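Okay, here we've got a single chain as structure tokens, the form predicted on its own, with questions on binding and movement later.
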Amino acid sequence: MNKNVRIFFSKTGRAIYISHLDLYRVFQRAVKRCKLPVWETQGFNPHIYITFALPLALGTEGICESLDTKLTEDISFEEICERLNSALPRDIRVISASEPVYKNTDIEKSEYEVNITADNAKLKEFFAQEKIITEKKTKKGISEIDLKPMIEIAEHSDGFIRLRLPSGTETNINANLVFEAFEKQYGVEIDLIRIKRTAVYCKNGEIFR
């Protein structure tokens, strides 16, 4: 049997400096350590089947991160969580496991909470512009893009911003790019910034699950 499982986890503390590739290795080792019966791909070089919905930018916290896998035995979702947490580092915690509801291609945007120490008047001025032009690295090279139509500000007070940005297979903008554009435009360095991804939304407006 192959049991499809979607695992949600948090990546906080020191784990925010683990790259996406290293995160994959962390989960591979955890699966082997806790003897979770994960299906392996076939072929010349078989490997444990794990696929992540959205890579998380280095230095960004996440409390709604997810990965998909397949189990070859019928193990309860509660036991999956317990086994993995017993083998994972303390700053990576499995929150829940369940059957997948949506496809990864259904993802449209992510929500971030940002704690920031910077000139709040300049930040408001920055977000109020008609255009926010910056450069983004793509597979074809460096492209100039307008961030303005992509940014949804849900909440903005002194020292705190909650915003939504495009995510997924079509367009993917991480929060770091937004604040790098702010620094570049005003010729300043943000004193302190803490970015946390708190939710992932589908095209139909529902939370990705």
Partner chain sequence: MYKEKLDKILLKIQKPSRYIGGELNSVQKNPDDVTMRFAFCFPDTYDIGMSHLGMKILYSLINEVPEYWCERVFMPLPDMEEKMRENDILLYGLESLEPIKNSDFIGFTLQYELSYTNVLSMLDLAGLPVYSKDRPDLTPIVCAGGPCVCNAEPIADFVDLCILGEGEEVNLELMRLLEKCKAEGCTKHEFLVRASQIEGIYVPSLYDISYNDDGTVKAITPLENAPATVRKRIIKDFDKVYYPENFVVPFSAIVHDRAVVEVLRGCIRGCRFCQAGYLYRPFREKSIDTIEKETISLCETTGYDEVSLSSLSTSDYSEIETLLGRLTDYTDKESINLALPSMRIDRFSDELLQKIKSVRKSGLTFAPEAGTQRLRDVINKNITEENVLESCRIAFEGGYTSVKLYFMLGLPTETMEDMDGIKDLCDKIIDLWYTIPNRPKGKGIQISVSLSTFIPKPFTPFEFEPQPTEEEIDKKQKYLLDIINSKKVNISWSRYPFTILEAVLARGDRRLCDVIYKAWKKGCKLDGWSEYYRYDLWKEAFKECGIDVAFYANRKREYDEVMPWSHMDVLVSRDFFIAENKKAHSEAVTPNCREKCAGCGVNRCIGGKCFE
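Residue numbers count along the first chain shown, from 1. If you're wondering where the values come from, they're calculated on a predicted model, not measured in any experiment.
Beyond the structure shown, there is the form predicted in complex with its partner chain, which is absent from this document and is the topic of what follows.
*Asks:* Select from the listed residues Ile132, Leu88, Ile116, Cys81 the one whose heavy atoms reach within 4.5 Å of its partner chain in the predicted bound form.
*Replies:* Answer to the contact question: Leu88.
*Asks:* Looking in the predicted bound form, is its partner chain within 4.5 Å of a heavy atom from each of Tyr17, Arg25 and Gly59?
*Replies:* Yes, the whole candidate spot contacts its partner chain.
*Asks:* I'd like to know whether Val188 contacts its partner chain in the predicted bound form, with contact meaning heavy atoms within 4.5 angstroms.
*Replies:* Although its partner chain is absent here, Val188 would stay clear of it in the predicted bound form, with no heavy atoms inside 4.5 Å.
*Asks:* Would Lys32 sit within 4.5 Å of its partner chain in the predicted bound form, counting heavy atoms only?
*Replies:* Yes, contact at 4.5 Å.
*Asks:* Heavy atoms within 4.5 Å of its partner chain in the predicted bound form: which stretch in 63-71, 167-175, 139-147, 32-40 meets that?
*Replies:* Single hit among the candidates: 32-40.
*Asks:* Going by its partner chain in the predicted bound form, which residues of 110-143 come within 4.5 Å of it through any heavy atom?
*Replies:* If the 4.5 Å heavy-atom criterion is applied to its partner chain in the predicted bound form, 110-143 yields nothing.
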